[in-house]
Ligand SMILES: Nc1ncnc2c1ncn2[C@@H]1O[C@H](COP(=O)(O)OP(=O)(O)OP(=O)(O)O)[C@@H](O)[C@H]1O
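Have a look below at one chain only, the form predicted alone, in structure tokens format.
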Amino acid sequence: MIELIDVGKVYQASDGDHRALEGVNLRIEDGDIFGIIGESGAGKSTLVRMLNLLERPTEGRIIIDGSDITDYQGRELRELRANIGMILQNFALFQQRTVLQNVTFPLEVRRESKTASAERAHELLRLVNLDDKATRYPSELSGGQQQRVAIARALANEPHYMLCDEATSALDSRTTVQVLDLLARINAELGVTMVVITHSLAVARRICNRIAVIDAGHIVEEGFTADVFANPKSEITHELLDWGDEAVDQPSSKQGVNGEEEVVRG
């Protein structure tokens, strides 16, 4: 379980202090797919980067699995980050490494044996339906395939949590559905708790069981996704709903991740 207690973040700038987050209180239960939605600049990415201490809070506490991680350093910090996978909008793959080598990278950092690392990587590539692409390079894959490699890499250390920061923003609607369904399957089958940062109501509606709405660094609303969408209480949630969103199909038990068209660039 993840708890944020009165968390705030202030950045110092030449023109004065900028408060990115203020008084944030959240509770993310084990097994959740928890969405944090809001406009650009609302503080979403700052918030999610707090959870693995890529950003440190200026005030407040962050509790993960009963331990206050706020001041973790050294070994404690490395172990924390090994337990929290992260996937980003731009995939962040190593272009000079093959798909297999990208997935084994976190295991190499932990000095796992080459044999064990390769076995784990192939297992994860099978999970994301890309084992036949193990020797390819990222430039030879489509955007959706690259994101699936990034998901496999994020799972290499068998994390309990996964942070998804606008993970489908660079993908078209069809590929977005495939990646979201893969994430939902990982949540269901592997029990990985997910925190999904998105500006997209359609993404939140499809995959998240609970959401929080953030505006100007404040959490203005949270609850079960269906309840928040059916009965929005904050002005920004009303505005987001009024503006509409791109089409992302409703969940279907027949939807899979195999249908994406492969792109191979010469």
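Position 1 is the first residue in the sequence shown; the rest follow in order. What you see is a predicted model, and the numbers here were worked out from it, not measured in a lab.
FYI, the form predicted in complex with the named molecule isn't displayed, but the following is about it.
A residue is said to contact a partner when one of its heavy atoms sits within 4.5 Å of a partner heavy atom; H199 meets this definition for the named molecule in the predicted complex.
The closest non-hydrogen atom of S45 lies within 4.5 Å of the named molecule in the predicted complex. With a 4.5 Å cutoff on heavy atoms, S40 counts as touching the named molecule in the predicted complex. In the predicted complex, the named molecule sits within 4.5 Å of a heavy atom belonging to Q89. Distance criterion of 4.5 Å from any heavy atom to the named molecule in the predicted complex singles out E166 from the list E140, E112, D181, E166. Shown without its partner, the chain has Y11, A13, H18, A20 in segment 10-36 as residues with a non-hydrogen atom within 4.5 angstroms of the named molecule in the predicted complex.
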